[in-house]
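Shown next as structure tokens: one chain only, the form predicted on its own.
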Amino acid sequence: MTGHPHHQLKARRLGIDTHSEAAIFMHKDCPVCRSEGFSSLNRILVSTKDRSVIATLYQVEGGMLACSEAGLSDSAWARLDLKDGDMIRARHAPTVESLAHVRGRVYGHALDQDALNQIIPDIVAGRYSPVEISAFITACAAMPLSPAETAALTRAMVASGECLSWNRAVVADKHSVGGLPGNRTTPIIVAIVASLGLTMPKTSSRAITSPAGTADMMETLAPVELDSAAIRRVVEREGGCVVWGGAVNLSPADDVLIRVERALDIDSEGQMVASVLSKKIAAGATHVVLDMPVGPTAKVRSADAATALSSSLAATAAPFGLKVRILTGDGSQPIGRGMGPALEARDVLAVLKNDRHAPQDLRARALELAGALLELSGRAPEGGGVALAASALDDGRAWSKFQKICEAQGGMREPPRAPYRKDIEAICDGQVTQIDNRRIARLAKLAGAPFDKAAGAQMHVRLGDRVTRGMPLCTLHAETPGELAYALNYGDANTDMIRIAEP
């Protein structure tokens, strides 16, 4: 690394997890800070001999760091490929020219393809701070993206990462818009359609705000962090896979934007459409079924909103040659019983094994979506998809195929079980009239899901059920007594998340 030795600092790994955001910590009296005129929250270009990253600066006092040292977050350390004692150099980050387009959008100017082709790579490269990403998201939500902007954003997001190609006329995929706890149909659908000869390389996400993402759930059954070569090997052998998309860098801008969107509680239609479709296009899909639960505490809350979102998804998909079918469904309550990686995995296994105690709502929804995908892909005639899907499930072909997929991904395993459990009971006699999806999901997360794989909540009632005082409504599962107590406190303070109408 070039530069005067007084402008260099010894790197120290601080063991601070800032997720994907790179952070650097420097002493307030550090000579580099003084000579460069750094202050906290400045964006700093941190360089080694052959790597660089833009990091947010935090200044410290006292003995945490020597003036000749720079502490780095785990993300910055990994991206710079540092070893203890390596020297780094820090200077002000260069101006990010694409921010001019973001400022223009704030004042009502549309974003064209060229502008988005500059903005998205800068976001992926870490050149935008969280505040600047927030500005971009807000600018695109306050004045909704036009159809042309939505298509341009989708195209830029696809180009921001890797793309898979399968050299097949039909590559099936499925995506859920989300917002419904326990709606873990994907592994069942992959097993069904792959057993019937379709190709379905399913790349799935981890949880962001839910008790489990599909990748979190699948990880309790088989390895999911496969690279592109391993995914190709599994799919060539078995016709399908269920893996974590983050390991193959598909539409990486999506992951960055979603984290900030969730923090802001902003989920605009145009960005949602670009998020969904960019992942499917990058994965090489040609035929996609979209699951859209609709309900008062789901992500899509009304029939009108569902219609608008469906129209936008179909219109944006068409120029990419992507065939889509959108199925709206009941989003008024969780699907399945489990909420949390291992609990949802057990629901999936029960359906695949045709266990008589399997949650029938999960089975029915999986068959409906698999049937639609079989029809869309030409594998079944119109109106015959559900029957064909059911035959593959009933005769064991889907279960056999799922086991083979798990083995091909690295070996099937048993989901863990939580050592601590406690029921939340009905406080009165009556009928279940409402289930708040959002608060039930939060309850499962407070118990430790998705980070504790065995943690979560297991539902025992559905809308319309009659209950008596003291009857279990759901069971909390936790890996530590503290997390169990934390979730129970939330349950005690939110007794109306499962509303019971007294007779």
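Definition used throughout: the rigid core is the maximal C-alpha set that superposes within 1.5 Å between two forms. Residue numbers here begin at 1 and follow the sequence given. All values reported here derive from a predicted model rather than from experimental measurement.
The following text describes the form predicted in complex with a further copy of the same chain, which does not appear among the structures shown.
In short, of 131-139, 79-87, 383-391, 222-230 it is 131-139 that has heavy atoms within 4.5 Å of a further copy of the same chain in the predicted bound form. Although the partner is absent from the chain shown here, 28, 64 and 92 each have a heavy atom within 4.5 Å of a further copy of the same chain in the predicted bound form. Though the partner is left out of this view, residue 469 does not reach within 4.5 Å of a further copy of the same chain in the predicted bound form, counting heavy atoms only. Remark: residue 49 does not count among the residues lining a further copy of the same chain in the predicted bound form, judged by a heavy atom distance of 4.5 Å or less. The closest heavy atom approach of residue 103 to a further copy of the same chain in the predicted bound form falls within 4.5 Å. In the predicted bound form, at least one heavy atom of residue 41 sits within 4.5 Å of a further copy of the same chain. For the candidate set 143, 412, 159, 314, a heavy atom within 4.5 Å of a further copy of the same chain in the predicted bound form is found for exactly one residue, namely 143.
Though a further copy of the same chain is absent from this view, in the predicted bound form it lies within 4.5 Å of a heavy atom of just one residue from 436, 69, 36, 465, which is 36. Along 249-285, residues 260, 263, 264, 265, 266, 267 each place a heavy atom within 4.5 Å of a further copy of the same chain in the predicted bound form. After superposition on the rigid core, the Cα atom of residue 485 is displaced by 2 Å or more between the shown form and the other one.
Relative to the superposed rigid core, residue 70 undergoes a CA displacement smaller than 2 Å between the shown form and the other one.
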